[in-house]
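There is one chain below, alone, in C-alpha cells, taken in the form predicted alone.
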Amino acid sequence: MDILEEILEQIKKYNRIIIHRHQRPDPDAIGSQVGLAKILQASFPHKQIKVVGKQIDGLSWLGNMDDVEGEFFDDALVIVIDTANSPRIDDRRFENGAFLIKIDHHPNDDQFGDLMWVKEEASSSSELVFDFFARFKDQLTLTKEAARDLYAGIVGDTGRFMYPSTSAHTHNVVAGLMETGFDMVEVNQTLDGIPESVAHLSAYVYDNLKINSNGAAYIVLSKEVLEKFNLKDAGTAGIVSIPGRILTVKWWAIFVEQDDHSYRIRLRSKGPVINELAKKHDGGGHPLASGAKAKNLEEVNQIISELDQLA
C-alpha cells in the first residue's frame, strides 16, 4: 500500500473530516483546501467535510470557511494542506483530531502528521489534489466547482505558468480540469483584476523600487504608505510580481509594515535560491518564492544587506 492508498483509506475510515491550510492564504492554499473538500463531499455525501481558517474576503469566490465547534474534532480526520511549517497552520485545533495527514509541495523541513504526502516538484498543492483524484477517479468525483478552485490554485502558484515549477504534467492537469467545463476565462479575469487602489500602489512600487547593480531589488511599504492608498497588508498581494517584470531584476523583497511595526516579507527570485535567506528570518518556502518576518527596521536593513550579499 502506497501513501495515496493510505490517505484514501483514512478518508474512508472517518465520517468527520476537517481540512486546514496556512495563515494568510493565497489562491493555492484556498483552492486546494476547498477543492479537496468539494471532491470529498461529492464522493462521500454521508460524511461531514469542513474547511477552517480565517475567512479571506478577496478569495471568498473560491469558497467560504466553516464555523466548527471544538467537539467536532473528536474522532475526526484532520488534513493540513499547502502548509510546510506547523506554526503557520490556520486554526490551532489541528492537533485535536484523531488522525493527521499532511499534503504539501513545499520543502518538508517540518515533518508533522501521522501521514505525510510531500512532493516538492509539484507546481502546487492544487496539482497534488488533482493527482489524488486521478489516481482514484473510479471512486472519487471531480465537480465543476472543485475543478475551478484547483485551476485557480495552479494559476496562482505558477504565476500564470511562468514559474519554473510549471511542468508538462501541470499542463496535463489543467487539461483534465478543463474537461469539467468550468469557465476558465472568468477565473483568469478574476485572478488578473485589481482594484484602483492596488493600481495606484503599483505605480508607487515602480517609482520607489530600489534596484542595485547586481539585480537585487526591494521596497519597504510602511503603514503610512498603505493608509495613503487605503490598503492593508492583504491588499499588497497584487503587487508582489511587479518587480519581476523589470528585466534587470533577478530577485526581490517586499517589506510590509504590520500593526505591531514588525514587517512581513515576500521574497521572490528568477533563479537564485532565496529560501535559505528566508529561513534565517523566521520564514521559509520554495527555493524561488518564500516568506519571512522582520521584527523591526533594523532587521529589515539587515535582510537588505544579506540580499545584496547574495546577489
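When you see a residue number, it is the position in the sequence shown, counting from 1. Small disclaimer: the values here were computed from a predicted structure and weren't measured.
The form predicted together with a small molecule is left out here; the points below concern that form.
Residue contact with the small molecule in the predicted bound form: residue 38 places no heavy atom within 4.5 Å of it. Contact check for residue 244: every heavy atom lies farther than 4.5 Å from the small molecule in the predicted bound form. Within this chain, residue 289 lines the site of the small molecule in the predicted bound form, having a heavy atom no more than 4.5 Å away. With a 4.5 Å cutoff on heavy atoms, residue 158 does not count as touching the small molecule in the predicted bound form; it lies far away. Of the candidate stretches 48 to 56, 245 to 253, 258 to 266, 61 to 69, only 258 to 266 contains residues with a heavy atom within 4.5 Å of the small molecule in the predicted bound form.
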